[in-house]
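Subsequent text provides structure tokens for two forms of one protein chain, presented individually as structure 1 and structure 2.
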Structure 1
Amino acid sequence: MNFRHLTYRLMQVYVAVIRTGSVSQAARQLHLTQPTVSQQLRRLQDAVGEPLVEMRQGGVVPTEAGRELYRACQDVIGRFDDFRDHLSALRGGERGRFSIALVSTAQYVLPRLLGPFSQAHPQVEVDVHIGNRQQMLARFERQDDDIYVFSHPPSLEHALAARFMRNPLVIVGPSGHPAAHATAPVSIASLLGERFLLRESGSATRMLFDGWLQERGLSLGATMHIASNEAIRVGVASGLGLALLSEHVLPKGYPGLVKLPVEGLPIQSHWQFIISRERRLPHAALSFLRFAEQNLEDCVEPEWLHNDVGGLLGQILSDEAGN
């Protein structure tokens, strides 16, 4: 490999191509022409001496050598970005940028922290990405972001996690559902004859519900898959079926909905910050985690609070000291 030909610009181009999965999208993002990006890719491949990408129907994907180069390029670019941010801080202001990715249900809770943080650190730019669990796991695997928010973290050795907020899951039905007026909690078995409105397979709520039912030797009957929590809420209120939802998804007063008193519920889960041990966090991301650790009590109601962020920060600092 001829390192003299491996320039910073080539690394930027390569990271953009792998992240977008498209030469044309990378060209638009970098304000270059498509032929220029293709030429840069060829120059990089010649410098490395190994095939770096493959063209598939879904777009551009890295080879095994390409994946390792992508990680190395991310690290180099991240370190230069961190150095730039450090220089900005030395010149008299809190500046920087970080990226946070969250599963869609977390969009109901994270603004409680991001809003106050942004007010306290107006020069810090935050890129927020929202999607379903599978999309966020793919972003985590590619290390596209600095911080991730899951209610059920990826079971990977290189992931660090910290709980910061309770996320109880309850069953809701339409207003006037007979079970709402029961004098004692009802059994889940008595409700399984009704249709359940569910998120896609692989969502954390769905996995926790399936596991909870299996522990009781039960399974769902009629189901309907719906892509968003908002649509599920509307469907339940319209009498389309029942649903298991995070309490954070429910609007105040539950208009059109009622929380059903079911034995064994709520299912207890937690919102968690996740980071990869293989990615060095920029100062801005560390600043956000410190802010969360110090200000959760002011941003979150006491019944939801579960602050383990200090332990995560300790692990991050320990890892950095060992490298």
Structure 2
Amino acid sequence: MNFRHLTYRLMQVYVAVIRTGSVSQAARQLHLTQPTVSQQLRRLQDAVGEPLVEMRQGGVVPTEAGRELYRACQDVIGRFDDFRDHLSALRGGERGRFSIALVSTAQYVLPRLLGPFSQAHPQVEVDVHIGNRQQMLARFERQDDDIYVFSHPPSLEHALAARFMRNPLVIVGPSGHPAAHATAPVSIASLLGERFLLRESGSATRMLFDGWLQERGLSLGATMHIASNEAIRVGVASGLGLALLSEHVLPKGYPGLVKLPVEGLPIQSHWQFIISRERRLPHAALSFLRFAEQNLEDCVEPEWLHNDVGGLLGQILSDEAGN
């Protein structure tokens, strides 16, 4: 009773034989010759160690064991058909799972895409990982996730990127701040005397700000490090100092906070999807990117719209083709 070499094919053949009740007919049906089928049947019989059919009335009828095997084969073939279905669903990106990792600032913007996507693809499970830039970089190194969202991406050596949304950085102050009501934009230099509340030095916002100031030959004066955007907002509102923040993180009309009109601002950065070239994207992840490309217009305000995802998809597909 050695099933080792029992193949799907063999089962197909056997099922055909029992169905048609004839070796020759099965052969015709399967576009094989009669001896071929005879031999397969015999091989199966040997494997099972039991006669499966008897010749009767111009054909072949199963023994009890044969009937039992027939049932088993049907079940197994059915199971594989199921699997095939699942597989094609997976391939189509309708089912399955993928993971996406966000640097924490992005958690305010990504749900706009993920929400509708989940709605449209209820069978896809998404694992979202949120953390600070450090943590995300570590995950990226290890390639723990399928898609990463950064605004200031790490090396793109082995990765592809696509901007999908503008992320303007502005300086905010308490609502009573004098510059808030200036008739013309004020210069940044005029603000550097004040204290700035900043995220930790690894953060992208911080790096961009430093770079931007350096370009102008300036640097920060008094600073204060605060670990979360939330805390910074509160701090600014209560007069602790100024801060450079993504416009997204200050919903319009946030009480006690105001955007200061500063020359040269906003700094234009972008949210982008980053994916590894090495890693083969799950179909579900691809499906998400396709969805993003198509539906971005409906999910974000027009002033923040910036859709490069199409290019990314093109690159992925050509990568796949020539792998």
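These figures come from a predicted structure and were not determined experimentally. Here the rigid core means the biggest group of C-alpha atoms that line up within 1.5 Å when the two forms are laid on top of each other. Start at 1 and count along the sequence of structure 1; that gives the residue numbers used here.
Q: Could you point me to the form predicted in complex with a further copy of the same chain, 1 or 2?
A: Only structure 2 fits here, because that chain is the form predicted in complex with a further copy of the same chain.
Q. For residue 264, is the CA shift between structure 1 and structure 2 at least 2 Å following rigid-core superposition?
A. No; that C-alpha moves by less than 2 Å between structure 1 and structure 2.
Q. After the core is overlaid between structure 1 and structure 2, has the C-alpha of residue 26 moved by 2 angstroms or more?
A. Yes, the C-alpha position differs by at least 2 Å between structure 1 and structure 2.
Q) Can a Cα shift of no less than 2 Å be assigned to residue 291 between structure 1 and structure 2, given superposition on the rigid core? A) Superposed on the core, residue 291 moves its C-alpha less than 2 Å between structure 1 and structure 2.
Q) What is the magnitude, in angstrom, of the C-alpha shift at residue 43 between structure 1 and structure 2 when the rigid core serves as the superposition reference? A) With the rigid core fitted, the alpha carbon of residue 43 is displaced 38.0 Å between structure 1 and structure 2.
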